[in-house]
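The chain below stands alone and is given as structure tokens, in the form predicted alone.
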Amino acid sequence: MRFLEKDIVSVGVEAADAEDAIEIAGDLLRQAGLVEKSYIEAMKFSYQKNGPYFVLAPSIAIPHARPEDGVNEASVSFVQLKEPVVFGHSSNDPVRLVFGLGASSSEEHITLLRKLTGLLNDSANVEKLTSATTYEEIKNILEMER
């Protein structure tokens, strides 16, 4: 299980729109061999079909798809957007923090969401993630959560 490790985190990223942000978060996972290209396409299709249901809190999106869509290893990537992007959520737009979630089972999905929820339930962590300029700053936030 890989959770917000250096090679799957990117800060200060420019995204043209919501689908671009999803693609960037998914591509971090793909480049690390954690998901297949088909998984990124499935994440975007899920957004097109179901809307911004994964924009779970103000400024936070957690796009994902089904395990059978191409997950190789349970993982969460993180993309901090340079400028907020509108996903179309009635109360939680615009989004600055995008966490690409890939789980190979329902149990892993729940485990990863719990880890993320533990991190994001603290508004100070959300603020730090929003303003971080380096991976080291993000790593320090994660270490404080342990």
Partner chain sequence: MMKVLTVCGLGQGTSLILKMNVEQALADKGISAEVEHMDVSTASTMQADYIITSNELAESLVEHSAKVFIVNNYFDMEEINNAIDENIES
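Residue numbers count along the first chain shown, from 1. Quick caveat, the model's predicted, so the values are computed rather than measured.
Keep in mind the form predicted in complex with the partner chain is missing from the figure; the text below concerns it.
K.L.:
Looking at the partner chain in the predicted bound form, is some heavy atom of each of G12, A15 and K128 within 4.5 Å of it?
P.N.:
No, none of G12, A15 and K128 comes within 4.5 Å of the partner chain in the predicted bound form.
K.L.:
With heavy atoms only and a cut-off of 4.5 Å, decide whether Q48 touches the partner chain in the predicted bound form.
P.N.:
Because no heavy atom of Q48 falls inside 4.5 Å of the partner chain in the predicted bound form, the answer is no.
K.L.:
Would you please decide whether N92 lies within 4.5 angstroms of the partner chain in the predicted bound form, comparing each non-hydrogen atom pair?
P.N.:
Close contact exists here: in the predicted bound form, N92 approaches the partner chain to within 4.5 Å, heavy atoms only.
K.L.:
Do I62 and the partner chain share at least one heavy atom pair within 4.5 Å in the predicted bound form?
P.N.:
Residue-level check for I62: yes, a contact with the partner chain.
K.L.:
Does any heavy atom of I110 come within 4.5 Å of a heavy atom of the partner chain in the predicted bound form?
P.N.:
I110 belongs to the contact set for the partner chain.
K.L.:
Which of the residues spanning 27 to 66 lie within 4.5 Å of the partner chain in the predicted bound form, based on heavy atoms?
P.N.:
Stretch hits, in order: S46, N50, P52, Y53, F54, L56, A57, P58, I60, I62, H64, A65, R66.
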